[in-house]
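First, one chain by itself in structure tokens, the form predicted on its own.
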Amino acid sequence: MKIGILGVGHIGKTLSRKLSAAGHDVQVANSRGPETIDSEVLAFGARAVDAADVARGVEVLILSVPLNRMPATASLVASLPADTVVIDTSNYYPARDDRIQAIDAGQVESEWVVEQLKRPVAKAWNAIGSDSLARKGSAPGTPGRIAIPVAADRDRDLAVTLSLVEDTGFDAVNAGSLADSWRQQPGAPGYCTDLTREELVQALGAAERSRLPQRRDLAFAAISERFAGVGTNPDADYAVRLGRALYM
């Protein structure tokens, strides 16, 4: 498929590498210009383009930008054909997105994104840490293969996104509609806890919406307290262990 990826942070970079390695025609862009995109992002055949061109001619557009920048992408997606699949990988982080009051009051993240973009989206790759996405993919049928939830309202959006998640090395789980995608938001048992398909299905069903914000904030507070002033970030598996302790 021809895929555009807007945003080449940790998640966007890995998606560029994995999807192009899987044989997809990938073009990537950031806000600073194609000349600033690292060659590592393009190592498996992806092309760097201007942000204004990243959605041109694509069948799938992946938005891998901070949630507070999502409204600025509305003009980019406005001219896309109705059957183009738009995938949202973002999450709400209070310290960075404090102006998005509706979400903090309980609105589902991707339903807010739909309001900003005025078109349907699928939700995927938001509930896995960037290191796990980069390192822990495996072949179908591998024991212990990690699963990733996908939420969408349209059949095409769901089918295409499920297939692309599989192409990145993870079991894809149908997590239901966008209205139910709170089950894969920060604070939920299936968020960044590196579960198998069977475990993830159980975790999605066990999620308690009213408890998500408190659990999310506890995790951020624990990380800040543990690593503030030490000059290092937590190791990748620390976040998984913390999430399992607090969310499940």
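Values in this document were obtained by computation on a predicted structure and should not be read as measured data. In case it trips you up, residue 1 is the first one in the sequence shown, and so on.
One more form of this protein, predicted together with a small molecule, exists but is not displayed; see below.
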Problem - the small molecule in the model of the complex: contacting segment from 165 to 173, 125 to 133, 102 to 110, 145 to 153, heavy atom within 4.5 Å - result: 125 to 133
Problem - in the model of the complex, the residue from N91, Q116, S177, T84 that sits within 4.5 Å of the small molecule by heavy atoms - result: N91
Handout entry: Contact residue in the model of the complex, chosen from A219, V65, V201, V49 - any heavy atom within 4.5 Å of the small molecule
Key = V65
Problem - Within 4.5 Å of the small molecule in the model of the complex, all of G12, S31 and R96 (non-hydrogen atom) - result: yes
Problem - 4.5 Å heavy atom contact, G7 and the small molecule in the model of the complex - result: yes
Practice task
Would you please decide whether A72 lies within 4.5 angstroms of the small molecule in the model of the complex, comparing each non-hydrogen atom pair?
Solution key: yes
